[in-house]
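Consider the single chain below, provided in structure tokens and representing the form predicted on its own.
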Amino acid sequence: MVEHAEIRMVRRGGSKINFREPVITNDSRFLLCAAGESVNVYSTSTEEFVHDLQGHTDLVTGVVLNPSNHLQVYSCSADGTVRLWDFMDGILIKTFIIGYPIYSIYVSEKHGGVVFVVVPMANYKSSELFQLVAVHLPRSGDQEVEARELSAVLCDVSPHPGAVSFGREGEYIAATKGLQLEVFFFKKQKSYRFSLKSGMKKGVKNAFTCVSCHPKEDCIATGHADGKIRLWRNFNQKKEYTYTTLHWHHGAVNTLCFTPEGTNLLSGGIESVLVHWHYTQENQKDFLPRLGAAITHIAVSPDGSLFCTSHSDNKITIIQSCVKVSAIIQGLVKGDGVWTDLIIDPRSKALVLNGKPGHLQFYSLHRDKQLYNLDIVQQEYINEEGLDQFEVVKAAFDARGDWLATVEERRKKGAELEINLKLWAYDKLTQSFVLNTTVTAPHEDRITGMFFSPSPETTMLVTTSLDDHFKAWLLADHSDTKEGFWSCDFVGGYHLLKPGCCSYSADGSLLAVGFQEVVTVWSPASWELLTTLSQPPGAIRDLCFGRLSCSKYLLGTSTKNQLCCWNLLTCSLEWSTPMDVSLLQADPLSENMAAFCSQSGSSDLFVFKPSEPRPLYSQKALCTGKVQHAVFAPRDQMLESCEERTQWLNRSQLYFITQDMDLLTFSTKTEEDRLLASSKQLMVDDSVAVTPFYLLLGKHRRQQLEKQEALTNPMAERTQLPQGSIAIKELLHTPAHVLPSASFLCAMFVRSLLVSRSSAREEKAEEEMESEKEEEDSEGEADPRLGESAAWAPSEEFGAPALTKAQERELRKVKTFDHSWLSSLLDS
């Protein structure tokens, strides 16, 4: 196999952007955060993804700004390297090889050329003891350098990044673990340890959860599991230390952060509220509530103008210093699990799966951004352990994306299972789905499968359930309603066996339903049972029809570790193979199928065509655990690979989710090179910072550019729209609560932008009069003899009629016309 055909598994999107504390650049224009094996760069004003910094081969565990150069960042990873990046251009400047897995990184302006990292005390990942070491970065011209000068600072520290903090501009460093606080002074080269009692009644509620040091004064703020915040002072002496206690959080304090000047302390926890403590007035505090999910990290920009909070639902909220949310960067929400499978929205090509509790999230795989959430349950979610609430367990789209079907369940202890089937219609006006029909208790037991018919002639939904039946739901049109509603059209069964799965053929002419060990094939047009298919022992786990040239095949997996293929033309078993297939997925754009198999605690992948005995691609030990959810997503731009092993990636891309909720996909080296080249086209604002140099030369340069543009582009001299009109000022500067209705303001605003016809005609007439006057003046100056001969004008001597003004203008134009080309022609 040639090199460009190599296939590798990558994290294309959906990485955890809340894994580590984000970083805001000095000018507050960009936000950087660890995202899987790369560092993502976002715009703080537009929320858009700018580009990513790729180079690490394992999970990125920390990102910090370079104190000596505000256009550079350090990143550390579990691959044992620290990398220096130019984040504006996305260029890797240098790689420092540490040789140990790194769990967090810290820098201080006072310690130039040194980074502080947390590494295991033993040279293997499974060590439970960690130490904070100072790494002296060597100065070398090589891009890849081995950093060998390491010195231990603190032993037995927590690998959590919020457990270590620099204080008083780098004079000391504080670390917390369990019930102990340790402070190390660099000047004295001495450390002090302070311990708290575990508490007689509340167990280990006094345990430290996070720490943050005051940037200007000797003060350390620590968060605790009981929701308290302690401010430590006089800790440079072992016995004379003091602390004061602040308490608002009812749960554990997850994160603490001082502002750059130390005037305020920010805290967050499970309450989804950002608490703003005033440092000089400890009893005074402000709140920013309802941020949507538990706060895990807080970061502040170096100039203090922006705050940002990371949340447990994989979200970063950007907040202005006036405590106002200005932007939200939402990643793929990863809850406790995925019950709906992975689905592709036919309209937006977005990945659809479970999001927030009771919601479906629409996630763009190409932009790595959540598009929106759809509230399915439409009930207030109560965050309380042991409370049974509705969960979305099934979802399906029709072929055109006009309809969405969802199933929600709630099982109470000692009570019957509650099931709701909901049908949603796509509304083009709101660009979202609107609830059309709700069916309470569509089945008497749990729904095991749900599919729309792909046939364009009818809109039909089929559901299978453990109540021994499958049902067909049909959209009925009624003249008294604007849109039809759904009703049950057919109820089917087979010898009181429980149906576990179903599948439609590509044209919708056949429906296959698996009743335990029997496969039944039905005609949806007449609901006639056409045939039953036999197979080796074991209940049918999954069914899937072939596509395109392989549409005559039906594939199924069983609980007895068998993968079977039936020929529908002969109604016989074509072939079978012993495989423990946990998931079978068909590519809707080709004949290819993907089978994930479980073996020895890991998953293997086989990509094949039902008509060929040899697989197109296979990979062993894909990931640990079983793969339960996967989907083929259509490509925006088709690949043109001719290699046999990579042709299955030309039209679609295979995505799957592991047991650790990581979204992975497959990519070729050619595709990686193309993405890397396109990522270098930065979406950077062209505005220039107002510096003294710009004030001297910027104005002159701008005038030159305007002149050059006016010469090259005649349309640049068109009439400018009115600036500073009363309507615009009223619209932008008046408080919203006193403004008139939007319809009134809109009409007023549009009229202010229009140029009236009368004024345009007047300007045109004035221009014509001025041009006539200039022509007359130029004639008088060009030929003074005309004034002498005016006495014998031919109109007076011979009685010729007088000329009109229009005829005189035409004669002047003929007179001024250049006839030199005619004389040169006669001379030749």
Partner chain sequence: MASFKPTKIPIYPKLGEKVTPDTLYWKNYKAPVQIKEFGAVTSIDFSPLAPHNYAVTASTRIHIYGPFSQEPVKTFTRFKDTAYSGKFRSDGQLLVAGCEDSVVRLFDVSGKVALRVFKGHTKGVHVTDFTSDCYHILTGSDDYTCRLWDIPNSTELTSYKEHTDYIRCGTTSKLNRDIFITGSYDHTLRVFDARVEKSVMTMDHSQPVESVLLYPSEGLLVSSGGRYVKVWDLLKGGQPLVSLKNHHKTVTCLGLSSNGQRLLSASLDRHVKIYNTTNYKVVHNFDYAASILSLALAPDDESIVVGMTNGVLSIKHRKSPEEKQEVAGKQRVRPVYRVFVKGRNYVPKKDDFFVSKPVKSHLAKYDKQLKRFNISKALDTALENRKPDITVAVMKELDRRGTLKNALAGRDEQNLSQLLNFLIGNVVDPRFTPVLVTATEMILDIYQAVVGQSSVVDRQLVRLQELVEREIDYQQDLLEVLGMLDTLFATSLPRKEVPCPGSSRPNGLIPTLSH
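Computed from a prediction, not measured in an experiment: that's the story for all the values here. Numbering follows the first chain given and starts at 1.
Heads up, the form predicted in complex with the partner chain isn't pictured, but that's what we're talking about next.
Asker: Name the stretch: of 392 to 400, 529 to 537, 646 to 654, 207 to 215, exactly one has residues whose heavy atoms fall within 4.5 Å of the partner chain in the model of the complex.
Answerer: Only one stretch passes the 4.5 Å heavy-atom test: 529 to 537.
Asker: Just give me the single entry in 169, 144, 375, 282 that has a non-hydrogen atom within 4.5 angstroms of the partner chain in the model of the complex.
Answerer: The residue in contact is 375.
Asker: Among 247, 136, 412, 366, which has any heavy atom within 4.5 Å of the partner chain in the model of the complex?
Answerer: That would be 412.
Asker: Considering non-hydrogen atoms and a 4.5 Å limit, does the partner chain approach residue 637 in the model of the complex?
Answerer: Judged by the heavy-atom cut-off of 4.5 Å, residue 637 is well away from the partner chain in the model of the complex.
Asker: Please run the contact check for residue 629 against the partner chain in the model of the complex: heavy atoms, 4.5 angstroms, yes or no?
Answerer: Taking the distances in the model of the complex, the answer for residue 629 is no, it never comes within 4.5 Å of the partner chain.
Asker: Within a 4.5 Å heavy atom cut-off, is residue 276 in contact with the partner chain in the model of the complex?
Answerer: Residue 276: no contact with the partner chain in the model of the complex.
Asker: Give a yes or no for residue 156: in the model of the complex, does one of its heavy atoms lie within 4.5 Å of a heavy atom belonging to the partner chain?
Answerer: No - in the model of the complex, heavy atoms of residue 156 and the partner chain never come within 4.5 Å of each other.
Asker: Look at the candidate spot formed by 290, 418 and 573 and say whether the partner chain comes within 4.5 Å of a heavy atom in all three of them in the model of the complex.
Answerer: Yes, the whole trio is in contact, each within 4.5 Å by some heavy atom.
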